[in-house]
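Single chain ahead, by itself, as structure tokens, in the form predicted on its own.
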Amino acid sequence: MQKLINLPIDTVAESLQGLELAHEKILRVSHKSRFVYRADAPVHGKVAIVSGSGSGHEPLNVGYVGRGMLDAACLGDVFTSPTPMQYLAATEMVEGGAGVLYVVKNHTGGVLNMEIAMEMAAEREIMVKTVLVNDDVAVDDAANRRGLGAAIFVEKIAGAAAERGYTLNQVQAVAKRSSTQCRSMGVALTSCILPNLGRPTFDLPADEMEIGVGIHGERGRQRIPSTSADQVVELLLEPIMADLEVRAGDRMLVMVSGLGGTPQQELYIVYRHLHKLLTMRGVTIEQQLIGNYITSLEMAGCAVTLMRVDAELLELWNAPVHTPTLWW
């Protein structure tokens, strides 16, 4: 195993130390409770946006903390949900009197721990509401779909709404509307290696790829022989477009996220064909993100996310943001 780490047990802590040193004007880190929060938190009178995930998916979520996006992000061990106490500590740090919105990705541990954190916050008379992100169309049953790239779009739009002074109910409503308009699907070309495990999390022969893989290495929709980039794009895009019921004239935000081990060059090859297919269908691409935005350690592959937008959602997406990963 070749990794730029010291002791595996120190990987998350040392990564957070480096994050704080690199972005000290934007964020702070609670090393004891292991969460990241805005340098100017709490912002009084503003709805606070809180999210979280296991580590190993960076820049999700710690890279999206800052003005116009997240107020706090909790970080668990590698591929392990943060605890309820972490969420509660982050909530108490950033709550500014207008309530808190939790962005919940649909993974069993994360959902359960955020529910417990909500109950604990209620005991402290902190109003918390949630929005569920479950955009991965590799899973047919919508209720069981995993949270994937839609988290970035939902967190950005919710953060912009909060920054503009929306109430908690209004922020939740626009976040839910954003989530329902997102669909994603990913492909893995390799597995990944957890620092404390030292071997691949699943077996994937060198001449095969997993279509519809989850970011924790969960099995996908199908395993196929390795094929061209263009064919992979078509295998990812068709289920997304069918489930989202994409029509000519739709306006979209588009993301091609590497999973941690794919060169930018290859992601642009993916986007090239994706752009062609969407344009042929009469879809307008309002903005695109191509790069590593939600990852799975060093897994090779990518995830494609589409989000249908209207005038309000697009305006909130384009609103100013200043985080380590997104800024404009």
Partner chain sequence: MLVMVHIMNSEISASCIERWLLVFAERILEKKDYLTDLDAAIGDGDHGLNMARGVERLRERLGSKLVAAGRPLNAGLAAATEPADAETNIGVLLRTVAMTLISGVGGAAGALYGSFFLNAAKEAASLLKNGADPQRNISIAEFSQVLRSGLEGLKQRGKAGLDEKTMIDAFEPAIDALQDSIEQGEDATAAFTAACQAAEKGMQKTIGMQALKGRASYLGPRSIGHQDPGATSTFYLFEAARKAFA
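These numbers were taken from a predicted model, which means no experiment stands behind them. Residue numbers count along the first chain shown, from 1.
The same protein also exists as the form predicted together with the partner chain; that form is not shown, yet it is the one meant from here on.
Visitor: Tell me whether G56, E58 and G165, taken together, all sit within 4.5 Å of the partner chain in the model of the complex, counting heavy atoms only.
Guide: Checked in the model of the complex: no contact with the partner chain for any of the three.
Visitor: The partner chain isn't shown here, but in the model of the complex which of T180, T201, T190, T130 has a heavy atom within 4.5 Å of it?
Guide: So the residue touching the partner chain in the model of the complex, by this definition, is T201.
Visitor: So which of A229, V254, M120, V246 gets a non-hydrogen atom within 4.5 Å of the partner chain in the model of the complex?
Guide: Among A229, V254, M120, V246, a heavy atom within 4.5 Å of the partner chain in the model of the complex occurs only for M120.
Visitor: Using heavy atoms and a 4.5 Å limit, would one call G159 a contact residue for the partner chain in the model of the complex?
Guide: Looking in the model of the complex, residue contacts with the partner chain do not include G159, since no heavy atom lies within 4.5 Å.
Visitor: Look up in the model of the complex whether Q170 has a non-hydrogen atom within 4.5 angstroms of the partner chain, and give yes or no.
Guide: Q170 lies outside the contact set for the partner chain.
Visitor: Would G109 sit within 4.5 Å of the partner chain in the model of the complex, counting heavy atoms only?
Guide: Although the partner chain is absent here, G109 would touch it in the model of the complex, with heavy atoms inside 4.5 Å.
Visitor: May I ask you to state whether K176 is within 4.5 Å of the partner chain in the model of the complex, using heavy atom distances?
Guide: No.
Visitor: Which of these stretches, 76 to 84, 235 to 243, 180 to 188, 92 to 100, has heavy atoms within 4.5 Å of the partner chain in the model of the complex?
Guide: Heavy-atom contact with the partner occurs in 76 to 84.
Visitor: For the stretch 129 to 153, which residues lie within 4.5 Å of the partner chain in the model of the complex by non-hydrogen atom distance?
Guide: Heavy-atom contacts within 4.5 Å come from V139, N144, R146.
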